[in-house]
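One chain follows as structure tokens, the form predicted on its own.
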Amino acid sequence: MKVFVCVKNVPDTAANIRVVGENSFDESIKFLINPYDEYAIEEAARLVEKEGGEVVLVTVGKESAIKTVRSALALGSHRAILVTTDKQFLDSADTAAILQKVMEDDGPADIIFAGKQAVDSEAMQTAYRLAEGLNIPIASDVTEFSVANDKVSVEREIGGGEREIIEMTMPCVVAASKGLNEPRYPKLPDVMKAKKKEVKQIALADLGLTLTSETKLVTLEQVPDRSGAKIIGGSVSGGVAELVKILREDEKVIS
């Protein structure tokens, strides 16, 4: 069984990100595996450990993303493909097109895993666009997964505490959510082995793709510091009136 996992190199959510210029940020901060992708990697590793085959990671990013790729390889994957680019920003359409090209060139997939979203852009479109490009089914927000008789069965969250069960033919895309599994913690031998695993680097220009998306990152703005909380006392009616006054006169969020 051949399983691809889409992995994104993202800034640590605990990092203090500093905007530089109009549309860049200081990249000296810590980067890591997109948290939702860890569930995808773990599920792929468990599947191949049970059924046999290989797990191939696919990443699009700058050359510095190699550190994140090595970390991901220590989580039970066999090899990786890193498409390198100096572009500051790639939207979901271009990213999906790149992932599709790499997977088609490397060989047909039985299953493609991904995180349900990236914690930096949170666009939640890449997995859907990839499935559309490959003309295969997709399920997102997946919290339960199983394979039997060449069919994938998943359980996914649909909001309001409701869940639904979907059965898909293979190949398909499975976008993992928190709760699907408990990602493993890499042991020292796993980390050492990951340093020797194959990471094929391909320059974006060498893929022969014509990227058609016209989306541009125009500006980035620093998140403003939060102001102190204000407690409104008194009766309910008096508190509501005071809140409306603050929202209208001080915060100017209502007219």
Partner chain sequence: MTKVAVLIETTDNEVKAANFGVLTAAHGDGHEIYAFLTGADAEGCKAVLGKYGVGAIISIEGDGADLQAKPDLKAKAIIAAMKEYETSVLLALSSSEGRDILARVAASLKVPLATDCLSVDISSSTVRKPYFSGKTIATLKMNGAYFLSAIRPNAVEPAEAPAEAAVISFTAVVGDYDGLVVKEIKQSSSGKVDLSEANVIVSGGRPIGSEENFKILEECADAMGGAVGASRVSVDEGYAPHSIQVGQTGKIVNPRLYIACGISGSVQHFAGMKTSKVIVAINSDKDAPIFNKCDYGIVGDIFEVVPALTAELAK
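Here, rigid core means the biggest group of C-alpha atoms that superpose within 1.5 Å across both forms. Nothing here was measured: the structure is a model prediction, and the numbers come from that model. Numbering follows the first chain given and starts at 1.
Another form, the form predicted together with the partner chain, is not on view; read the next lines as being about it.
Remark: V147 does not count among the residues lining the partner chain in the model of the complex, judged by a heavy atom distance of 4.5 Å or less. Looking at S28, you'd find every heavy atom of it more than 4.5 angstroms from the partner chain in the model of the complex. Of the heavy atoms in A205, none are within 4.5 Å of the partner chain in the model of the complex.
Although the partner is absent here, Q222 sits close enough that one of its heavy atoms falls within 4.5 Å of the partner chain in the model of the complex. Looking at 193 to 201, 59 to 67, 46 to 54, 211 to 219, the stretch with residues near the partner chain in the model of the complex, meaning non-hydrogen atoms within 4.5 angstroms, turns out to be 211 to 219. Although the partner chain is not shown here, in the model of the complex the stretch 116 to 134 places heavy atoms of V119, D120, S121, E122, A123, M124, Q125, Y128, R129, E132 within 4.5 Å of it, in sequence order.
Here A15 does not count as shifted, since its C-alpha moves by less than 2 Å between the shown form and the other one after the core is aligned.
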